[in-house]
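Below are two forms of the same protein chain, given as structure tokens: structure 1, then structure 2.
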Structure 1
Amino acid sequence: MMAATCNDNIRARIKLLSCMLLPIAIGILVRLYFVQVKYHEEYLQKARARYTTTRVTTGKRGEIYDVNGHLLVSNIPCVTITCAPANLANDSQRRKLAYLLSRRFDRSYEEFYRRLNPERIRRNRDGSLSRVPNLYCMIERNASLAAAAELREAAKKNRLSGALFYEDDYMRTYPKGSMLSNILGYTNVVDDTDVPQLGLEKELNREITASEGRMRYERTRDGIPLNYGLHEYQQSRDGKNIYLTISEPIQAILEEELDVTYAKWRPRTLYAAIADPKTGNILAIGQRPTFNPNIRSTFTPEAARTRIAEDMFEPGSIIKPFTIGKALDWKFVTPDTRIDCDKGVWIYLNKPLRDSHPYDVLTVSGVIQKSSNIGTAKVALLLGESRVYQALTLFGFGRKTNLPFPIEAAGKVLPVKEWDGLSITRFPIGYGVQVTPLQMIRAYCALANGGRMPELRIIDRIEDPQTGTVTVMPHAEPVQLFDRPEAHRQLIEMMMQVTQPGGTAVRAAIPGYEVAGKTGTSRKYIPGHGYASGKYFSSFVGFVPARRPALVMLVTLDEPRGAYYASTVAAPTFQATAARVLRHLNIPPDHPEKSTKHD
């Protein structure tokens, strides 16, 4: 009897307990339903956020080379060092770390001590301020591998390693210093990213920029990656490499000669470029002042601009061959046509036009050789306004070269409807029109290339380092600008006389070689003020050897001091540079018996 009663009590307790546990079980099952079924994805994402992480990797920025693969812009390995000041145990560690950092990096102990404050002020959403642990402080960006290794070892010895973090990175560097710096440009680091500022670095940024990679993996609570926990992996890609048409040896020659000219004549600006007239390839290009992108203290806004593409100037007499060349081509004149130059002063529409010397009667050949303003203006009158305009625009004046620079001026050649009565006598001698140095060298490429004008190129090819694919930039077919080859040959013969005895550019002559070219000395026009007294642009443009040109070169000085005639300040720079380049290219002289060494 007592046993039956005991069993009944046990059964009653079990039923009671079951009744009590059943709602709990039902609640757990309902909860499991919501967790595992209805809200599965939401909770899964929250869980993954706790035990997975994403690491972002970045490839190297593309490098820039000359046409033969000589490195012009590169990346060197470096280390970005950061700190979590909140991980420092006490003020003693803070002081010790500030001391170690000041010994290795170019900042004071006081500055580091201030930046290593273990707390920072945070503004809350309601506008109130609160103190929170300082978990991030930039110590040194672009630290050398040696400096980072030294700091790592010192921090380890002083038991400070837990507060410092090291991330492998790359730093943009320019191994040739100031060479080609105005063209290459440079980058600045903004928010841990290379941001291009000028030149090809900016214009070709899309091609050069590396793409990010992402690795998503599981980790332990301590942050250690789990070998089996890799979820996603996207590889970073290096930026594309750019190969220029520039030849580093020729560029080095040009830079050296520009330094000599800049020091001697102290111009406000000095421009020069060398091109292959057959292909339009820019072999060398430079300007002064310049800067070294590795040393930012050398930087000034005027030095950094790509002024050879941006600046416009009235070219003076270097533009004369184009009007006279087309007058020959269209049969309005011959080389022997005689022009009355009025003994140096010609009155047209009650305005005087002067020559530098009192010439009487010159042939058209003599007009080019002596650079007669009056003779050129009278040839232009034979052509008429529409043909003069056609001649100038045919050679690309008023049209950009479309080289890949962030800014390029188009120049200025007014349409005929905007000409006044004097325009036809002033535009053909280089006044009233504005050109860029690049436009002028393109036009002279046409004269050197049998009358066929190529488009200028400075990018030769682009290489994808991931696939090895090389894309060669296309060569545009040169445009034939002369209808009669005989007229073109006559013009070249006339331009050769410029560098021969009796011409205006005998200082551009290179012994043993036939040189064709033209000087130009023009008064400087300042918008809003007119022509400035005593300020000039002095230019020489030429090609050599004249009948089989290997190169075209332009030299322009803006406001030279001490002298201003192009024959004195610009022609010798052409001679010195071209002579060295011809030797480098192993171009045989036209007359070996007259050739002598020039060092």
Structure 2
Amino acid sequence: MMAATCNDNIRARIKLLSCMLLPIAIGILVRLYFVQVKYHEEYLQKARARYTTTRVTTGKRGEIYDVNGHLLVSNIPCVTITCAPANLANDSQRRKLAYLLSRRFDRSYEEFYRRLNPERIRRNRDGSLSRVPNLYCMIERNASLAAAAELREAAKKNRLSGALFYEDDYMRTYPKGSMLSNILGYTNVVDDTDVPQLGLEKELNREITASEGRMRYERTRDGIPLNYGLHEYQQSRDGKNIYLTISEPIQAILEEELDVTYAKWRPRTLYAAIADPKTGNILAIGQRPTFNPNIRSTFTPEAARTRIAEDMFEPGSIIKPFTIGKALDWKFVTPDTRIDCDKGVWIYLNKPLRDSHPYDVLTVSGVIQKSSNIGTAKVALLLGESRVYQALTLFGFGRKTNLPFPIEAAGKVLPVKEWDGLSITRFPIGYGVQVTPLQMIRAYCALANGGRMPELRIIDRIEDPQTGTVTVMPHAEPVQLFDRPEAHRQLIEMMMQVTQPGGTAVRAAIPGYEVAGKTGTSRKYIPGHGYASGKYFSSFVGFVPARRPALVMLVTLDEPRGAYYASTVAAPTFQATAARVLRHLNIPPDHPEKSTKHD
């Protein structure tokens, strides 16, 4: 027998080694199969979850402009500054940073020093307390770009950059301050999101709100995006921009005059609005008290509301032209029909109805010019209950204007079946019915626009900043409310006499222009208490130039002090405002020779 050679031994060893390695190789292959084929997707997802980051980006909230593109609401860029105090090397750096911060922001050195504590106390699950590195503290939310840049520079110079972090942000801002604030509304920030609270901000929130975008990318350990690998990007979309029908210069004029009136007569509330009677576009709208949306301390329950849409009041005599107008239209009276005004006191159903001044007999024109309650009530009796109701509802009383405000009152005009015997003598003179200032503006737009009532508009167009698409809000076709143009013309002639010598609103007259309008002073009704003594709503509504109106304006004062007649408190505000607006709009006077030299 031959002895095993050296080569045989080697061969045996190789076989043995192969036998040992083969299962290992097979095992590796099997494992590879499972890793690379069978569970490939699962492992890939797990891995991606570790090195893939998703960043949520938010677009900007839409802006609001006036009709000519003047900015009313915007988003101001700002920076949110945070700090990781644990990154500060020593107490000297902590003191230095606290000093730098206290120089730039509204907190004391001590406050910042306390905040920059490099350690914080954490409560563990078992209830025990332990000290852990403090990796986050808020330095300043919504800091200005200049302040942030200055701090960044100072921190760099003092080698403190590693502890500070800057995040770009936007803050809702109202560059024009309190102008139009009750209409525009405001937003609060809840969980880094703008939450609208009032006005157009709230009602148009769906259009204004920006949509979120997402960016998914593979990153390095330090968080830097890799150039290769997964990179998905879904762009955020900015909210739509809203263009109002408001004209900023006219709004500014109105606000200035409201401030003067508010200071002079100190009413509880003051409302005013100016509209274009042809289109129904609201050119300016304001109320007092108001607030500055940039300054939270000015927010009061009385001021931070859109009261011009929410509040209702008994309008008094400013509602008289509608009953008398329809009486003319339906040929129940003519301007020359004589009405016995019973020398100022008329007893009807054992209840007296009084005029502010005693008149014996007045024509229908005189009833409007002198604002006779008795004369108007007697004209209403000629019409009858159903026609008076028809006249009032025809001009939109009791029906919302549907302007985009979160809350709008509909007013109140009781149906005929709920009228008592006195209603027919009280409703036409503005008692027992409730209207909103906006409804009254709409109704006077109808008188100013040849009897055609437009729907009020405050949103002119909506612009998509991404696509540049502009959607113009449609104009509703005005509805003709007068059957006879002659009757409408006669009514306008009567209303022009109101501002002429002998009328109740001489102070509303504008030199050189023909002004048509009506005063209204009504006692204030307090629910549960009846008509309050010494509390009045004083209103003036008018349009100018009377025969080719450029604007309709309403002024209403709630509980003015010192005087209460509308001719004294409301008419001058109309005169001052309308004169300036006419000048701004370059509307030529009807009688240039009578136009006095402006001051």
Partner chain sequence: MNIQPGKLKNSRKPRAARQGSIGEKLFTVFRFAFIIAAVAGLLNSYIYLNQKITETERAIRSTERELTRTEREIAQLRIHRERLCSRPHINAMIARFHLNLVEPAVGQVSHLALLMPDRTATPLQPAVALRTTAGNGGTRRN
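Counting starts at 1 and follows the sequence of structure 1. All values derive from a computational prediction rather than experimental measurement. Rigid core (definition): largest C-alpha set, two forms, superposition within 1.5 Å.
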(message) If I had to pick the form predicted alone out of these two, would it be 1 or 2?
(response) 1
(message) Let me spell it out: two rigid parts, one turning against the other between structure 1 and structure 2. At which of Ile347, Thr279, Leu145, Tyr170 is the hinge?
(response) Tyr170
(message) Angle of the smaller rigid domain relative to the larger one between structure 1 and structure 2, in °, please.
(response) 15
(request) Once the rigid core is superposed, tell me how far the Cα of Asp91 moves between structure 1 and structure 2, in Å to one decimal. (result) 8.4
